[in-house]
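Encoded as structure tokens, the following chain is the form predicted on its own, with no partner shown.
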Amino acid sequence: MRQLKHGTIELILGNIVDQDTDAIVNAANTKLTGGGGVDGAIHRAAGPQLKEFCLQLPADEQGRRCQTGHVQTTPAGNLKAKYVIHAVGPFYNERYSDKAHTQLRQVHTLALQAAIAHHCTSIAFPAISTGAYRFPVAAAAKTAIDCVCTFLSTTPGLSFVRFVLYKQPQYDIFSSTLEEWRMDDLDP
């Protein structure tokens, strides 16, 4: 746990669907219709109304309701949280790693801003893009932790941010990244 100017950041080993924060972040796909991993677990736990909420959002001609690097917010259905912030992280490709890092940072920032816009004071994140989207965990942790710590150091509105890591190796990497974070180490 780490206290910053405007809030606290905490890391736990667990399941995102069990969190009682005001909002939880879903590592979603662009169509917002459920899938595997975190996305599937959230949709199963929230019940069928979550998919119904998602289907009410406008879609483009390819059926995308949310572009990569962006977020959409819906009610949370049967979850303890009030809202699900569907965050579409990037697929990682070494050739376009700068773009992936920018999109990952952007999706975290937009999720934090969406939580504030919905009058949330607490939010829980998974390790976005580190599963099927193949973002290296250490690089994702650095971007995510830096983004959240910078936000909590500079922006009022959220008092509590939790990262919910599903596997011990993810937790260990996020934990050491949080321990080492310094305000003067900001990503560009």
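Remember, predicted model here, so these are calculated numbers, not experimental data. Residues carry their position along the shown sequence, with the first being 1.
As for the form predicted in complex with a small molecule, it is not shown, yet the points below apply to it.
Q: Given that the small molecule is left out here, which of 66, 152, 120, 41 has a heavy atom within 4.5 Å of it in the predicted bound form?
A: Of the candidates 66, 152, 120, 41, 41 is the one lying within 4.5 Å of the small molecule in the predicted bound form.
Q: Which residue, 128, 50, 158, 145, is the contact with the small molecule in the predicted bound form, using a 4.5 Å heavy atom cutoff?
A: Among 128, 50, 158, 145, a heavy atom within 4.5 Å of the small molecule in the predicted bound form occurs only for 128.
Q: Given the small molecule in the predicted bound form, answer whether the residues 14, 132 and 170 all have a heavy atom inside 4.5 Å of it.
A: Answer is yes for this spot.
Q: Would residue 23 show up as a contact with the small molecule in the predicted bound form if we use heavy atoms at 4.5 Å?
A: No.
Q: Considering only heavy atoms, tell me if residue 35 and the small molecule come within 4.5 Å of each other in the predicted bound form.
A: Heavy-atom contact with the small molecule at 4.5 Å: present for residue 35.
Q: Applying a 4.5 Å heavy atom distance criterion, does residue 141 contact the small molecule in the predicted bound form?
A: Residue 141: no, not in contact with the small molecule in the predicted bound form.
Q: Although the partner isn't part of this model, could you tell me whether residue 124 comes within 4.5 Å of the small molecule in the predicted bound form, counting any heavy atom of the residue?
A: Result no; residue 124 lies far from the small molecule in the predicted bound form.
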